[in-house]
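Have a look below at one chain only, the form predicted alone, in structure tokens format.
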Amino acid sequence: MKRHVIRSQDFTPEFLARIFDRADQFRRMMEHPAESKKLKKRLKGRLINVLFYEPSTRTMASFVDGAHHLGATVFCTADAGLTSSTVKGETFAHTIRMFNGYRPDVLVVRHKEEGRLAEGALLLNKIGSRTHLINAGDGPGQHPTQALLDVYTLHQQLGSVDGVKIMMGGDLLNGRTVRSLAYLLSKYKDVHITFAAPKQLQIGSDILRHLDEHCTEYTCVGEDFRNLLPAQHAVYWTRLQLERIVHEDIETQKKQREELARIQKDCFCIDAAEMALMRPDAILMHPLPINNEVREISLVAEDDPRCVIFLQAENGMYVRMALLDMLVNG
């Protein structure tokens, strides 16, 4: 595998099979006290640095907790945009070089700007660093480890990813999770993706070009997505990313956000009626968090046994444990 984890499209099918097997192994070991103690030796003496410029709950906690379960020493900087020397004018390149000097085995970074992690990887390669860099989300760009746990969940719950029909809905334009997942799904056979979103928030043309190049079938729909729900093996819904809807005029920005929030709430919500249309063996997924004001997934839908959103989040720790272990130990 590559030294750094920056893009979903860099994962190979062989790597995916290996990491899922290792995640399964670590899950089984965690269920038994004696076996979980053995896990502590996997990364004993290793240093993991976690640096987040954007808010995070699941990604940061699963990396930190997973690294601790493997016995690593972890140094975590949350709210780096407010508490690091960035506020004093330090560049991202200088921050990366500084951390490299402390010799971490892995540096996990979330940044608000798309492309920053790719720049960081090039810099580390240029200076001959031994540190592995993991992209934990770069603005509206990618979130490759989220895609790993999402595909792992599909594999776990459906038995196979080949042949899966999946609908992705909500804010697809600004959602890095759906972008990364689409890239990863293109590596499997006979997958069909339905993108359901308001026209202002439909999936980007770059993703559609990638799917065309990899012969992955897709359909783009708007408010009429419900008639396609019965055919889906999985429904993957996302929140409206209001923080990424910006305009130089504050009043215009406010109106745009309010209008899109209304559309999402009125037309793109998964509720009891939508769950009734889904197959009995289908699953409902969401990368979390759910926006409690807009409620793109209702409380009724959340309580349905086909809703696996918290299992999805739990899977994130095991997949990230497997990733850390594979980067360090091979």
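Worth saying up front: this structure is predicted, and the values here are computed from it rather than measured. From 1 onward, residues are counted along the sequence shown.
Only in words, not in the display: the form predicted together with a small molecule, which the text now covers.
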Checklist entry - Closest heavy atom of residue 135 to the small molecule in the model of the complex, within 4.5 Å or not? => result no
Next on the checklist: Under a 4.5 Å heavy atom criterion, is residue 57 part of the interface with the small molecule in the model of the complex?
Outcome noted: yes
Item to check | the small molecule contact in the model of the complex: residue 233, any heavy atom under 4.5 Å | outcome: no
Next on the checklist: How about residue 143 - does it come within 4.5 Å of the small molecule in the model of the complex, if we only consider non-hydrogen atoms?
Outcome noted: yes
Checklist outcome for this item: Assert contact_stretch over 26 to 34, 39 to 47, 270 to 278, 287 to 295 against the small molecule in the model of the complex, heavy atom within 4.5 Å, equals 287 to 295
Checklist entry - Looking at 116, 110, 179, 155, which is the one with a non-hydrogen atom within 4.5 Å of the small molecule in the model of the complex? => result 110
